[in-house]
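Given next, in structure tokens, is a single chain: the form predicted alone.
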């Protein structure tokens, strides 16, 4: 019990559910952080080394993300400890068993995350009638397919670049984690004239100062291959992405990949946090002292959950991109302006915006 509350505070988590299904070997944790703004929305992460602490930290990130985006939802997160590439039939059994275990947790709405997709959400919907990020055939808006989070990142980077007199035409971009978020961010940024100079995945890094062919990289990933199989460019290990000179560096992988030990290696002007909690607080402070503009995760990677909320409330795919652009453009500009005016970090500015909205919502609730 003490271990759970070690990373809690007056905001949450409100509920932490541990799930064990011994016959399947299934272990899972669901954290519902805060529901002052409404029922929590958050992804289901399927990875081998996930923990209860990670679930709670990610749920808090979702609380702040949903509040900052002005959504009528709180934050939650689920983690399932397992190999996301396990046999498809076995994985479906796990996902359906997980869904049945959370059937009574009405204040948590699952969505896709690392290791899960719209098909997995379809299985959950079939079991309990409650999920977002569903296949189109079930009336959903497939977040990964349309690249909602990557699109939102490209909007935030556009805003940030404008405040720094950094033209996006020819701007150098490096992306750590060329998956569902990273590949779409690359696609949208390339459409704005950016030059993608490096990309990485768990197998390694590929880089080229002249730029990489994004269509080829995306085709490689969709074929189940690594970016290191790109025919041209320099190759290196996964950590090599940290040292690639660029104007915009996008972490779109796991938590805490940038920390006190490696933050000094980054050679960039902007860090746009595509993943949730990709930088430790110490790393963000180190980057800020060097004049690097850090765009906080829960503000700039909110495209996916904004899209999920639109789906949940009966909206359409055609309206999603306009809403994502409006909200992320405004919020990114507000965060940068407040940070400059108050001499605060961008994260503190973003937290202040989100917390104010949560506090205002809590005043309307019998139980905040």
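Between two forms, the rigid core is the largest collection of C-alphas that superpose within 1.5 Å. Numbering follows the first chain given and starts at 1. Only a predicted model underlies this, so the values are computations on that prediction, with no experimental measurement involved.
This protein has a second form, the form predicted together with a small molecule, left out of what is shown; the following refers to that one.
In summary, the region of this chain contacting the small molecule in the predicted bound form, judged by heavy atoms within 4.5 Å and restricted to 271-279, 85-93, 287-295, 132-140, corresponds to 271-279. Contact with the small molecule in the predicted bound form, defined as a heavy atom within 4.5 Å, holds for exactly one of 116, 125, 176, 207, namely 176. Of the candidates 253, 161, 99, 263, 253 is the one whose heavy atoms come within 4.5 Å of the small molecule in the predicted bound form; the others do not. Not displayed here, the small molecule is approached by residue 149 to within 4.5 Å at the level of heavy atoms in the predicted bound form.
Contact check for residue 217: no non-hydrogen atom falls within 4.5 Å of the small molecule in the predicted bound form. Using a 4.5 angstroms threshold between heavy atoms, residue 106 stays clear of the small molecule in the predicted bound form. Contact between residue 332 and the small molecule in the predicted bound form is not found at the 4.5 Å heavy atom cutoff.
After superposing the rigid core, the C-alpha of residue 58 moves by 2 Å or more between the shown form and the other one.
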